[in-house]
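Next up is one chain by itself, shown in structure tokens, the form predicted alone.
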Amino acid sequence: MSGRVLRWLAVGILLLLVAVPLYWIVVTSLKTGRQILMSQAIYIASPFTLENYRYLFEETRFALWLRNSAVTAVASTIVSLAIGAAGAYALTRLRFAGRRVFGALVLITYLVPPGLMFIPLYRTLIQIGYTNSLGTLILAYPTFLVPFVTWLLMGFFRSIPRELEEAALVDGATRLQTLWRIVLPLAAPGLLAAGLFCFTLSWNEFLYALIFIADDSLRTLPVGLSEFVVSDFAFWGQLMAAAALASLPVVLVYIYLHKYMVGGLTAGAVKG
């Protein structure tokens, strides 16, 4: 009985930690400026207003920031998955000199904070003359996404029996066909999980987007949201409305892919 109470207590605390901030964001976004400044109707917006959401789309470039973030996050996720999957397959299946050292370097690179890499990366991009573009971010984000994808997929690839690939090679398939038709479908849960984390990290990334992009029309959502904080004053209504809408794509992606991830992992467990 005590164990059940502790479990429900833990679940309740977890729900409070997750749900309360989200509820606070949504409620604040539905309040008027007076309600927020005067601390009126603290827990429920009464009367509620959609003025903050209207302001976002009619008075700011919120739709443009949303598009820029979507393009950057999707493209960098695809690039990172392609490079990371190829690297993970090579490190787990191919035999070549320095394989273990290269695998260790991938782990070390994964542990390096992205904040330490933006200066040399920025100098490199300036030297090749490719800055102030969404393509800059699509090239920059894989520098911290690829090591993560590679390290995550190495575990999934090791769990796939080598006999399946050897049978395909005996039947005349090339190494690339084996990777595309056998390994990647079996590693689909890992690819989905890695893609989900890549999309989330790219969507929320702030530092690179702030340093590498100077054009206002190319700003992403995290950088655009900073416009609602001027000196020590924040436009809380607009900021919370933007935060609520910015969180929506990530939440939808998690909800949509969650069933495929669980289904794939469950099928693999039964098959194993």
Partner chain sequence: MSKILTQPAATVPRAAGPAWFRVNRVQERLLGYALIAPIALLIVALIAYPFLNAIWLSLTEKMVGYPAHFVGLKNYATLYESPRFRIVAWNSVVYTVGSISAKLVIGMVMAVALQKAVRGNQLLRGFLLLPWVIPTVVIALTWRWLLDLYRGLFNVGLHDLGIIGAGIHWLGNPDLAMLSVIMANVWRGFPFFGVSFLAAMQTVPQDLYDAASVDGASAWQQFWRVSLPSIKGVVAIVTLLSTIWTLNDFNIVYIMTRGGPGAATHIFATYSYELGIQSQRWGMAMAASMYSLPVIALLIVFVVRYLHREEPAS
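Positions refer to the first chain, counted from 1. From a predicted model like this one, the values you see are computed outputs, not experimental measurements. Under this definition, the rigid core comprises the largest set of C-alpha atoms superposing within 1.5 Å between the forms.
Not pictured, yet referred to below: the form predicted in complex with the partner chain.
With the partner omitted from this view, the residue of A45, L64, L210, A70 that lies near the partner chain in the predicted bound form is L210 [heavy atom within 4.5 Å]. Within 4.5 Å of some heavy atom of the partner chain in the predicted bound form lies at least one heavy atom of P142. Q127 belongs to the set of residues with a heavy atom inside 4.5 Å of the partner chain in the predicted bound form. Shown alone here, L121 lies within 4.5 Å of the partner chain in the predicted bound form, counting heavy atoms only. Among heavy atoms of P185, none comes within 4.5 Å of the partner chain in the predicted bound form. Heavy atoms closer than or equal to 4.5 Å to the partner chain in the predicted bound form belong, across 72 to 96, to the residues I83, A86, G87, Y89, A90, L91, R93, L94, R95, F96, ordered by sequence position.
Here M38 counts as shifted, since its C-alpha moves by at least 2 Å between this form and the one not shown after the core is aligned.
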